[in-house]
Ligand code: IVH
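Just one chain follows, in the form predicted on its own, and it is written as structure tokens.
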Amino acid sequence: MNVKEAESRIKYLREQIVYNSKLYYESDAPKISDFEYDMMFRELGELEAQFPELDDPASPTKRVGGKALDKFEKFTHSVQMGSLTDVFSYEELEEFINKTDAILGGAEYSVEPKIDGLSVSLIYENGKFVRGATRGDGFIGEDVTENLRTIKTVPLELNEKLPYLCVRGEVYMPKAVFEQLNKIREDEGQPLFANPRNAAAGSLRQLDSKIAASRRLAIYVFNLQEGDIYSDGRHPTTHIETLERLAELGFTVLPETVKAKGYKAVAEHVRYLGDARPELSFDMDGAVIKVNSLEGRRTVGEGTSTPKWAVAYKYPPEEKKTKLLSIDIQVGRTGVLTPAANLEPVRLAGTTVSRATLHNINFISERDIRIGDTVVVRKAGEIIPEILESVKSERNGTETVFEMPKVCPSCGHPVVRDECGDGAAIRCVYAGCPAQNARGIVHFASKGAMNIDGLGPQVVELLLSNNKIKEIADLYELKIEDIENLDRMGRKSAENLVNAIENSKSRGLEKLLFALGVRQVGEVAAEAIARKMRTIEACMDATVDDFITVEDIGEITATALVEFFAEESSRELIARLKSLGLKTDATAEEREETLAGLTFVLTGTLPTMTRDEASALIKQAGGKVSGSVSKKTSYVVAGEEAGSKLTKANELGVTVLDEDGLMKLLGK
């Protein structure tokens, strides 16, 4: 195939993929099979690789993600991305409407859902998407262009080649995608996302755009920031007209948006949106009410930090009553018995809730929660079900007080009260407990530990129930023929799993310490211990005093480590893992403690890392991280939306760094 033939074929494939993507993702009416779509997509990718001179940033292949970035670049918004004044009652909403009506002599308003996501700007030149950035502090955000390209509802090319356009939208994770993602993370033993908003924000800020692409984010555009939306010199006169025109250009604009006049009509649609929340495909935490006329907005004017012509009505969390039918006990990987409530199913925040956590026996006793009670249930962060209280006025005398079992429901051995912490934990201490064993293997294989891809709870249970493994070390003796004939497996799955297990041997002491599941030892502590001790033998021989010399390792954690390594079963497991080829030395090089003697306080959201990750870097370099600012603080590292800690740092004259400043201090 020559260049001219390739150009023609590439053009055809791009058009077909874009057309069929819209049918699938926007109209829910696909005309071709997934296989046909995948084959077109693969052919396009192969042709673009063969003819790089025909590359186009608007190609649909850009949506799968490209090269991982080292960090996000800062981006200065040409038009400020401001926020809105919140109102929390219909009285406050009525006051806003009456005040605005008085200025304008009556006004028309747009009423639209307030998507609970992450605000971004999208920039187009000559009809093509060229750049996108997060809101940041409203003035400076992060350039997340490559991640935004992966979102299928971000048009890479508009229906008209307008010279310049900047729009604002809300990136969100659909509820269905969020639930699927959390199910996968649960199966893999990873921490669950608290809500779709956090999941969307974390996904959009991934340095690897392939990860962002896998999260299936979406966007609704809700504002024109800058530029002309008509090519003939016309200008829109209302906000609704602007949205309609943006839809014509190819943007997916806010649904459920209406025009309304007067408080009564506005409040009616706000209530409608509130009632419709459970059925919508996206999370929303409020309704936005704006003056529709663009000239009217100029008349009403702007406040010091928010416009006077708009407010956001915030809905209270939804709470409902239901019956507590029974309480089950779950046994965790460390032997802790956790009570879980079985509820009479109730529809709450868009999903049917029939289970809720009860934390521990202290939680149940302090709230006097009894089996048979009517209880008030709420979704924390609109996602995680929790019991707020029992309704004691509705008791009829048949309710029963719950007591924790005296023996483990998994193995039947006696349980003990853990005296560490608040003493609320009831624990099974039998080393051979099946429930602990299964969860321990899942934890060992999880992403933060040995990262054995494909070894989630279901596969672990499959291997255990078929007597293919009995403990962690057995994983490293598995062969393809042991796995391929098991239910839901097969030759390819077996090969992939055996390869993943083999690859995990090189993770090193940092990951192994966390994977072994020592109580009180998380990922950060495991890395700090590995960096200090360097070998598993040094850990096994260390005393409580030795472990306490590691940054942020206290007496409780040090004691747990010594007790773990003193167990004969632990030593036998470690010896066997070594004999099977696992690397048990630290992989990270010893670093000079360049920040020794310095104390840091972290505040706000950093551009490319979490505060935990920044804390780990500081500690690895010998620095100390504190939770409060004082005269003894050496540096405050401040990100977006830094709060009172930044204010206090300025008052005390403490040096303030951004993330770049911290990295320079670390020599990176």
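Only the largest set of C-alpha atoms that superpose within 1.5 Å between the two forms is called the rigid core. Quick caveat: nothing in here was measured; it's all calculated off a predicted structure. Residue positions are given as counts along the sequence shown, with the first one as 1.
Below, we refer to the form predicted in complex with the named molecule, which is not included among the displayed structures.
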Answer option from F222, Y313, F547, F514, heavy atom within 4.5 Å of the named molecule in the predicted complex: F222
Answer key, the named molecule contact in the predicted complex at 4.5 Å (heavy atoms) among K175, R439, K290, H77: the residue is K290
Within a 4.5 Å heavy atom cut-off, is R277 in contact with the named molecule in the predicted complex? no
With the partner left out here, check for me: in the predicted complex, does some heavy atom of L464 sit within 4.5 Å of the named molecule? no
Is there a heavy atom of E53 lying 4.5 Å or less from a heavy atom of the named molecule in the predicted complex? no
Under a 4.5 Å heavy atom criterion, is S83 part of the interface with the named molecule in the predicted complex? yes
Proximity to the named molecule in the predicted complex (heavy atom, within 4.5 Å), stretch among 537 to 545, 163 to 171, 500 to 508, 391 to 399: 163 to 171
For the stretch 618 to 645, return the residues whose heavy atoms include at least one within 4.5 Å of the named molecule in the predicted complex, in the order they occur. E641
On a rigid core superposition, would L44 pass a 2 Å threshold for CA movement between the shown form and the other one? no
Does D56 count as moved between the shown form and the other one, where moved means a C-alpha shift of 2 angstroms or more after fitting the rigid core? no
